[in-house]
Each structure stands twice: as structure tokens, then as C-alpha cells.
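In the form predicted alone, a lone chain appears below as C-alpha cells.
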Amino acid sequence: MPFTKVSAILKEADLHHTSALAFNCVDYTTASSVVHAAEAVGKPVIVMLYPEHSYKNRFCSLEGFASMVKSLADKASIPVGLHLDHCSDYAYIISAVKAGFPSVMYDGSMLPVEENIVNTKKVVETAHILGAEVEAELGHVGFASTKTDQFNEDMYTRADVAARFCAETGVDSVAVAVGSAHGFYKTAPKLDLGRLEEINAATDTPLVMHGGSGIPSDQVALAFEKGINKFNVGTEFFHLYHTTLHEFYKQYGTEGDFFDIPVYVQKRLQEYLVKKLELCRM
């Protein structure tokens, strides 16, 4: 089916008191694995691109990535959304919308709240004119490698500020900071679920959780029940991709057929994805 609006996927997730899963991808191997695994279990899914993987690491172009995922979505029987992940560059965000991304994220989480509101509102206004949706971040989801980020409550989202932020910006979804962090956790996270409940009660805007790799399943389930409608996964997915490539060369050495790599890797990725997608109760 054609691309499904991310907002429609999140609305359906909210009705089921659960969350849709969103996976960062870089190429056909990762994106097709995500879509085919979601189709195998009958779950909606969101494919994301982190900007740096395009303009710095050169895995793909914006236009090429959007076109590739659109082709996968057109052939799929389940809802597939496409989203541009963390970006603070207004011009790049708008170029992504024009390149075919129907959902984008403006990240002004490191700015003072007032400046974040002004910038987010500007992105929302332009993106909505162009027919795209916008996710923002309030509070700041830091890095698991920095313990102070993970447990620094000063970086967490406040319910009253979230209510104001969503009302003034018109944003379509908002990533909140309640104890998750990007990367592999050195110390097991302990989500502030009480705070999450307060944020969810204060706004009707769908809530997003970043740093989904490695959060214990029991906490994930509770977070979904208490308002998370989009759950981002990147680190552990990319790590599996990397280690599977090493396994291929370890098993076959230089005698292995280079052209067999995608099939080998996709099999492993899809096995992981099928299990991960069980977190979604839609």
C-alpha cells in the first residue's frame, strides 16, 4: 500500500494503548528487512533515516532512500511510514520533505525552551504547507555512554512545559525524555513512568521514546501503556548488521561470494526484527 502517514500509525497505536516501532535504516538490506519482517507478523512499521548517514557516511541520498522505501511500501500489505530522524538544520529538513519524506524531526532539544518553540513552530508551519508532519523533542535524550545524561532529571521533560510546547508549535508528535538514552546502556535504565503518565495526561500529542535499544521489556510494555506511541530503535539493529557481516567473513573467508552477503544478512536481521516487533500489540 502507499505510504501511511506516521500520524495515522501513531493514532492507531494510541487506540490500542501500544506503540509502533520505528527502525533506523541505511540501505536496501536494512529497509527491506524491516518491511518484510513487519509484513511477516502483520504489524505497522516506520522506516527512519538519520541525516548523517546520508550526507556524511554516504550510504544513500535523500531522494534515493525515500524512493526505495516508497517502492517497498507500495508492495507491502501493512502500513509503512517514512521518517527523517534527528535534524536541527531547517534547510536540510525542508530538502528532505521535497525529496519525498512525509515525516521529519526537528531536534531543538539542546536549545532553551523558548528558542526550541520558535524554531519548531517555523519548521511545522513550512512542513505542513508542503504536506509533511513534524516530530520534535522536548527535554533532552542524551547518550547512554554518559551516565550523567541518562540519570540527569534536569534534562527530563516536564508535563506543564510539554502542554505549552505542543499547543504553541502545533507539532504532530513529541519525543520526551524520561530516562532513556541513545546507544548501549552501561547501567540499566529506569524509566520515570510516573512522569510519563503526567506528560501523557497534559497533552493529546503522540509521544515518542528515543534510545529504545536495551530497555528491559517490562519497562517498555509499561511505557507503551502509559503513552508512548512511537518507539525508536537504531543501535542494536546496526550492531547486529555489523556483527553479521563479520560472521559471514568468519564463516566463508575470502572464498565467500560477495553477492551472497545481502541474503545472508537479511535473514539474520529479519529474525531479530520479528521478535522485536512483538513489542507492538497492534
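Throughout, we count residues from 1 along the sequence that is shown. What you see is a predicted model, and the numbers here were worked out from it, not measured in a lab.
Omitted here: the form predicted in complex with a small molecule. The next part is about that form.
Of the candidate stretches 33-41, 46-54, 216-224, 247-255, only 46-54 contains residues with a heavy atom within 4.5 Å of the small molecule in the model of the complex.
Remark: none of the three candidate residues (5, 103 and 173) comes within 4.5 Å of the small molecule in the model of the complex, counting heavy atoms only. This chain appears without its partner; in the model of the complex, the one residue of 108, 189, 79, 183 with a heavy atom within 4.5 Å of the small molecule is 183. The listed set 211, 206, 179, 139 contains one residue whose heavy atoms approach the small molecule in the model of the complex to within 4.5 Å, identified as 211.
Although the partner is absent here, residue 133 sits far enough away that none of its heavy atoms falls within 4.5 Å of the small molecule in the model of the complex. By the criterion of a heavy atom within 4.5 Å, residue 198 is excluded from the residues contacting the small molecule in the model of the complex. Interface residue remark: residue 121 is not counted as part of the site for the small molecule in the model of the complex, having no heavy atom within 4.5 Å. Residue 18 falls outside the set of residues with a heavy atom inside 4.5 Å of the small molecule in the model of the complex.
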